[in-house]
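Shown below, as structure tokens, is a lone chain in the form predicted on its own; questions about how it binds or moves come after it.
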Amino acid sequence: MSVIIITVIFAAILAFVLGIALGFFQKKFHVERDPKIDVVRAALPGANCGGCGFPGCDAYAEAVAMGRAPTNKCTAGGAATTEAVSKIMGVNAAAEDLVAVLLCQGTKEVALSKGEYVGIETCRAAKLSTGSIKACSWGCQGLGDCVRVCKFDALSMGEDGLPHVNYDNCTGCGMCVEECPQKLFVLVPKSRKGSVVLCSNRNVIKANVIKTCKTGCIKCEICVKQCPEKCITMVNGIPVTDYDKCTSCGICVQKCPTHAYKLLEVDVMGEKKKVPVLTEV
């Protein structure tokens, strides 16, 4: 019995000594927390989406306050958050609200499918196991990986088999860009105006493009030849617009035989979106 009492007394003394030691060392080696961390954190939206490249808002706030990260990385908060954080840090950092754009129009009606897919219901699994569910190996797989990772209810799968962006909710966090195995999403400034090709098919053989998708870019280069501003060039089989020169005249949209070209401010992000009319080529 005495052994037990001695053990209890010894343990209590040891715990007391360790407690005092811990308190001493905590005070001795205490590192003051920069108050700016909490101020920056309060200015962030708290989405913890990871769009800034950090695990969450707490980590990003600390990195900004310590000077290890720029003030314009919070895509969820957009330009307003960048302005607020930059003001706290005493720096100038211009930012523009970004949104995601899907570079594919391969709906169920126009894009040929290889057959019925039986497997794990994710785009990444389908890509790894089959190369592509659709005959167009560049097209959207339509299994909604992008929708599942979106934390802002900005993406939803349509009955046409494609994800649709709600531009009122999209924050440009970039999660869909990272998740899409086909790399079909791009981030563009929300205020951008001009033409864009909603196709990622880089097959240079016209017949093969039409065979797989009726709205695919057939590389005819009519857009390049007809553009009055000479702002369109072919890059890796896809027409690319120079937005510093583009005037949104819409000639490329009108002349494109497969209606792959669209105007960002009207057909993509506009309130009234034009329904593509298919043309036999």
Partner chain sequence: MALKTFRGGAHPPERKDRSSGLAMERLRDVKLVVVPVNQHFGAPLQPLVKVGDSVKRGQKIADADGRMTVPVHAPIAGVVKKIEPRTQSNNLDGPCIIIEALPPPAEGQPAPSAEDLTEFMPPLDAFACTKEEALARVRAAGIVGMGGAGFPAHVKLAPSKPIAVVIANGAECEPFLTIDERTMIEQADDVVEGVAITMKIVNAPEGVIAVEENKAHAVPLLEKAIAASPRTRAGMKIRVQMLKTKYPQGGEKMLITAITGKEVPSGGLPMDVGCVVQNIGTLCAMVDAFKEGKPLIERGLTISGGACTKPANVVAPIGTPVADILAAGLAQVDEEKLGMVIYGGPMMGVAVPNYQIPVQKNTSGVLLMDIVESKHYEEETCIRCGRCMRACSCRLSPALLAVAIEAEDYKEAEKIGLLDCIECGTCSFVCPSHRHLVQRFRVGKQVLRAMKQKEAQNAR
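Since we're looking at a predicted model, the values are computed, not measured. Residue numbers count along the first chain shown, from 1.
Form predicted together with its partner chain: not shown, discussed below.
- Not one of L44, G46 and N92 is positioned with any heavy atom within 4.5 Å of its partner chain in the model of the complex.
- Contact with its partner chain in the model of the complex, judged as any non-hydrogen atom within 4.5 angstroms, is confined among 153-161, 183-191, 84-92, 128-136 to 128-136.
- In the model of the complex, at least one heavy atom of R124 sits within 4.5 Å of a heavy atom of its partner chain.
- Within 4.5 Å of any heavy atom of its partner chain in the model of the complex lies no heavy atom of L112.
- The closest non-hydrogen atom of E96 lies beyond 4.5 Å of its partner chain in the model of the complex.
- Contact check for I120: a heavy atom falls within 4.5 Å of its partner chain in the model of the complex.
- Along 60-76, not one residue places a heavy atom within 4.5 Å of its partner chain in the model of the complex.
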